[in-house]
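One chain follows as structure tokens, the form predicted alone.
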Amino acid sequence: MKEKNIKQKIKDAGLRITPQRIAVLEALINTNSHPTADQIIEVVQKGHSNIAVGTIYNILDTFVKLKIITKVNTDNNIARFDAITEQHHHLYSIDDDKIEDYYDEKLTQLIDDYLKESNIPNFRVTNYKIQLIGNFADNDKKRF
């Protein structure tokens, strides 16, 4: 994503555009994975060694609260971050702690239809993400 688009995303969330926010969002967007906070810190500090670790954590928390990014938790309770906020799901490999985005319109529609028909008492669903847990084919020893 170009810096202009990154700035616009920050501005659209009602935040002031700062070099620190640009650096954090750019680091996340330019990864091909769902990095941990430590991995984002490492990338940011390579190009901006003057940005404090606490600042990066605060920016990540703010971005999650404002839905600029999302937080994805793994089975190991490790928080990972995702710059894609559109509806999608995740494939999580327990062998190598790898997360991949998974798009399946049929699955999403099935869940949407179910939620429209069903009523969960005293609860209003505002969003959902499915995380399928298993092994990628090259790591697979057993399938159910």
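Quick caveat, the model's predicted, so the values are computed rather than measured. So that there is no doubt, residue numbering starts at 1 and follows the sequence shown.
Only in words, not in the display: the form predicted in complex with the DNA, which the text now covers.
Only one of 98-106, 57-65, 25-33, 111-119 places residue heavy atoms within 4.5 angstroms of the DNA in the predicted bound form, namely 57-65. Contact check for I94: every heavy atom lies farther than 4.5 Å from the DNA in the predicted bound form. R16 belongs to the set of residues with a heavy atom inside 4.5 Å of the DNA in the predicted bound form. At the 4.5 Å threshold, heavy atoms of Q20 reach the DNA in the predicted bound form. Using a 4.5 Å cutoff between non-hydrogen atoms, D38 counts as a contact of the DNA in the predicted bound form. Residues N77, I78, A79 are the ones in 76-90 with at least one heavy atom within 4.5 Å of the DNA in the predicted bound form, listed in sequence order.
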